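Quick heads-up: it's one chain on its own, the form predicted on its own, in structure tokens.
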């Protein structure tokens, strides 16, 4: 049968197993749309903006593991695809975009809606085509899908002039194979590389697996789990690697990096081997490269040789398909138990509880994500854009399945969350899909609520509405002297009324007690639903490693006074810049309302203490700085020690606790929790005595101290002499800030 170019496009897409196309027609691509109407097996979803077409294809591809497909016309239609293509390129997502082009005679003549889209997209596609002969359409599409899905996946653009689509008719012939002599994606790894990597793993005492997006792309999550469990290696997942190991797996240490869990970043810092699987060591993970994993050797397994030594030098690179590489590696790895290392990482998790959600009188965004995770059992597909909501979704939602977090990672495209969620739901109609957005990103692509309503795509849209560009505002607060320029949204629409205007159910949540009910109502309501969660306007994401810094400069959850991040962040930044080392830090309320007391123990000589005192005194949030290193002080520290206890040794542990006048505050089937207060040496001594029994957890508050009273009749100076040692390193106390509407005021 003789077919037009447009019909050949449709036949070729069917041969490649395509069932869905996201697109928007226009003049140059109309011949394709004219043919498409005759192919009911190809479902076309009409979007409201071409950017949404590319991003929906991206979400579809990630959710299904298939190649996503989108289409657009020439000129502005094609250029509107560019942001979606860039996101897919950065995150290695296989999509094929088909664009119409002006007729061949008009190319290069500045015709109406003519744009050199192949030239424009060269940096943001894995490959692209300008097809000038109808006979080349089928081979180009065959090659495009092959290139998109093999090796390191990526987006392909096929640009076809209007007269090639609608002109000459030919007999359709589908190529039996592709002929690309210069394109040879790696397959199985070299045995020598596998053996070298296994040798490092078997020698390591503190190994860490860094699981990236490549684990999900290669569908190697079973092999990852087998390797981790066989050698008892903790697993840390990058943002795009989330879901490669269930969040609740005992070996899952969470996400590292700029806004990752503190204990994950610290574990990398203390490791002696990092096994990177399909990860590219981007700056959000490594921070300052010179200080990344300073004690560790690096195994880097990847299918893309250009990633080796690009950011981090690999001691043992393994080139190949990741699934095949892990299958080859696992038999060479010894079964072992890194007991001391596992206990150390458990201790890091206990000492740095990054996912703690504090009590608040107002609705916190973290609470929304935690309650959503609880309500869905971690079994939904979560789609996010970029910003604070993205980080909170990565931190506080528990992902139990692969490919259950879909986000714009490398490109960081705002607006991704709406269309990508539509694509994910179309591809996986069996799954509940939640689009998590900030009010800023949501407004970039909200026009495609019409697409959801028109096609009854049952995505549930959650807006974390803080009335601002939250992450930009956070950086302005930390690094730009609180110059909140161009980040506050004072003209937001009523999102509930907006949803209703599209014929979609809208729900508004302003109170903590309303969250669970709203989530349940959204999931029980047929069709798409918009839930507007009005959250605290100035909540920040923690932990945070500032850009270009290392884990040593990490800011963990700050002390909050008046529900506002207080002085602690600025004090920590000051100590980092000046190179002062904090031995311990304690924070708490003082005798004055609105004034917090911070007690630092600073290691160093007297000059260091004096410098720290002078620098602290310059902070506008600090009322008073007292250097009490030379004073007669009362000093105390509190510790909670969870020790392994059995029926045979329980009485001995209780006897030791009684000897130190410590209290048993919790009795478990296999453990005791002991509370003790006093001098540092006393706590150290008790800890040393309990260590042989097995310390499960330890929490120490750090020293607090105050100058002893001078009144007659106080306790003898002999007793006070016991605490003299606490002044030797310098104990410094400072105050915090109080937030007043419109300004900060030192108190």
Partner chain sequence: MAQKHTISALVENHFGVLCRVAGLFSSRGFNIDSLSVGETEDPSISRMTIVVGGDDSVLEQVVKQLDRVIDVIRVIDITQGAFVERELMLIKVKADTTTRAEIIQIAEVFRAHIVDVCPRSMTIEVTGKNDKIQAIIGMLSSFGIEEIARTGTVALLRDSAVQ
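Keep in mind that this is a model prediction, so the values were computed, not measured. Residue numbers count along the first chain shown, from 1.
Keep in mind the form predicted in complex with its partner chain is missing from the figure; the text below concerns it.
Remark: residue 306 counts among the residues lining its partner chain in the predicted bound form, judged by a heavy atom distance of 4.5 Å or less. Using a 4.5 angstroms threshold between heavy atoms, residue 183 counts as touching its partner chain in the predicted bound form.
In the predicted bound form, none of the heavy atoms of residue 547 sits within 4.5 Å of a heavy atom of its partner chain. Taking the partner from elsewhere, residue 122 is found to have a heavy atom lying within 4.5 Å of its partner chain in the predicted bound form.
Highlighted residues 259, 288 and 384: none comes within 4.5 Å of its partner chain in the predicted bound form, counting any heavy atom. Stretch-level contact analysis of 427-435, 225-233, 78-86, 124-132 against its partner chain in the predicted bound form, using heavy atoms and a 4.5 Å limit, identifies 124-132. Checking 327, 199, 249, 310 for any heavy atom within 4.5 Å of its partner chain in the predicted bound form turns up a single hit: 310.
Residue-level contacts in the predicted bound form: of 536, 152, 162, 349, one residue has a heavy atom within 4.5 Å of its partner chain, and it is 152.
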